[in-house]
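Have a look below at one chain only, the form predicted alone, in structure tokens format.
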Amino acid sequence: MLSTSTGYLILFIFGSFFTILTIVMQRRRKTAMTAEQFSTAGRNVGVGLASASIIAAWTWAATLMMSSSTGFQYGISGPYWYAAGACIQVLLFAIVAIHLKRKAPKAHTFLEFIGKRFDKKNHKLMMVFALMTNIIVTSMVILGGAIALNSLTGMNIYIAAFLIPLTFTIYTMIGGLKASFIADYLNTVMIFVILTIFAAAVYMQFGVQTVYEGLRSLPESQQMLTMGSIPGLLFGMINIIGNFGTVFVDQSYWQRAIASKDSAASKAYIYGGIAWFSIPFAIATFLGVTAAGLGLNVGDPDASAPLMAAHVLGTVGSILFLVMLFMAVMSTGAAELTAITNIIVTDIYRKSINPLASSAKTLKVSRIVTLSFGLAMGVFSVLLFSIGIGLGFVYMAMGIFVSGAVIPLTIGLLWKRATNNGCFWGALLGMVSGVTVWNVSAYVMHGAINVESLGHLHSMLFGNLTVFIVSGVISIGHALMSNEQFDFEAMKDSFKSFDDEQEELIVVAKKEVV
């Protein structure tokens, strides 16, 4: 195990490196940052950078920790269900990304589109779903990082949870979305390099036969050597449903489409999604499944990856895993920070509080929001640990809370017959029904409602399925029964960039003076 001081040193090095890099890049640009640049990166990002950014944004700490946990618990089926179950959403998102670019070319958030496509109640409800998604994802990023730091360095898990957000908050506050893209590119390259080192080391040290014999010696009831593992299948279904919410309702994916060139938007999600599959599949196989096959003494399955990394390469393995993990933590953390900043600034501040705010004022508010949310997430993550909620629980429960908005949001973008009332009640009742079924099934099957019973696979599955079924039946059913039709062409010119709005204000001011 590494020393505690190593944990603090890694946090300091990562935070300092990306902050200095962002400052240098800002000075080389030789142009002042505007609110539009801060939130959209100029809307001219190419397919390569956008693809790398999508890979990095989708590579959470949970991708490394939870995928290995599924390999350790469910055997060879775990890596497949994790990777395939979380890959399909990114590929399908290419469809909605290109539709957003065509129908709302100058929008800053998907909520800005919802506000013009539907009525106020839909805009407010979708905003609640979006903010909830950002908070859940950010908390998972921090929980995963804190667990790894605690496992490998013995660093106090509460202090780690509070300090981790600081590492990506400062450089994001300075550089905005563009800084997030550059960090994503560097992080993606580094993650693939370290992943290759681990795969080669595990294969050369243990080989396939040793791991196979180890898995074969485990009780047959654990179903470690079959793709037909029932627990693995249940996890896969939960994973597919839950991750639809964390992609389609997460502003960080929409803003990558917004920031990309028109020709790059859909391609980036296809290339990024395919490339991303290899990360959780490989890390879960080489660290999670191998840890189970070798009979590694792992108390918490969530910590199987860092412990296996230390087992295979010693101190070097621990350091490499921490570096890889922090690359993932910083990419996703920065992406979520810019996402929630864009939502609060565009859909709350400029929509309801100060619609005439100048570019400088908007930029100042954006940076304050980024800093405040980063610090608040540190406190929130400490609270989650203090009440006994860990990474695995949050990962599998997230779909119940956020997936109710997926179908209403998607048909609102793609289908002219989607209705205000159908989408609103579909999203709201979908979530309420899912939470209700989740709690009732936990009580019926386990006799109590607590973290343990709610975290059971069957309870999670029933809750996740209910959300999707109820929201889909209500939103699609109401649209089919009504005669409403929305004209997408009429809303196309109603979106303006912050810079365009600034120029219009200047023109109006000059006319008043004359």
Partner chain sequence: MNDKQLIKDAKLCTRWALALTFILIFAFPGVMFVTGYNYSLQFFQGWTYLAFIWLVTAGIYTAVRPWVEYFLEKKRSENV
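Numbering follows the first chain given and starts at 1. Keep in mind the model is a prediction, meaning the values are calculated, not measured.
Below: the form predicted in complex with the partner chain, not depicted.
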I'd like to check something about residue 248: if you look in the predicted bound form, is any of its heavy atoms closer than or equal to 4.5 Å to a heavy atom of the partner chain? no
*asked:* Can you tell me whether residue 464 touches the partner chain? I mean in the predicted bound form, with a 4.5 angstroms heavy atom cut-off.
replied: no
Notebook entry, point to check: Are any of the heavy atoms in residue 476 no more than 4.5 Å from a heavy atom of the partner chain in the predicted bound form?
Noted result: no
With the cut-off set at 4.5 Å between non-hydrogen atoms, does residue 421 touch the partner chain in the predicted bound form?
no
Self-check item: All of 102, 277 and 285 with a heavy atom within 4.5 Å of the partner chain in the predicted bound form
Solution: yes
Exactly one of 166, 444, 218, 225 comes within 4.5 Å of the partner chain in the predicted bound form through a heavy atom, and that residue is 225
Of 98, 376, 383, 348, the only residue with a heavy atom within 4.5 Å of the partner chain in the predicted bound form is 98
The stretch from 183-191, 295-303, 108-116, 328-336 that lies within 4.5 Å of the partner chain in the predicted bound form, judged by heavy atoms, is 183-191
Taking the partner chain in the predicted bound form and a 4.5 Å non-hydrogen atom cutoff, the residues of 248-277 making contact are 261, 262, 263, 266, 270, 271, 274, 275, 277
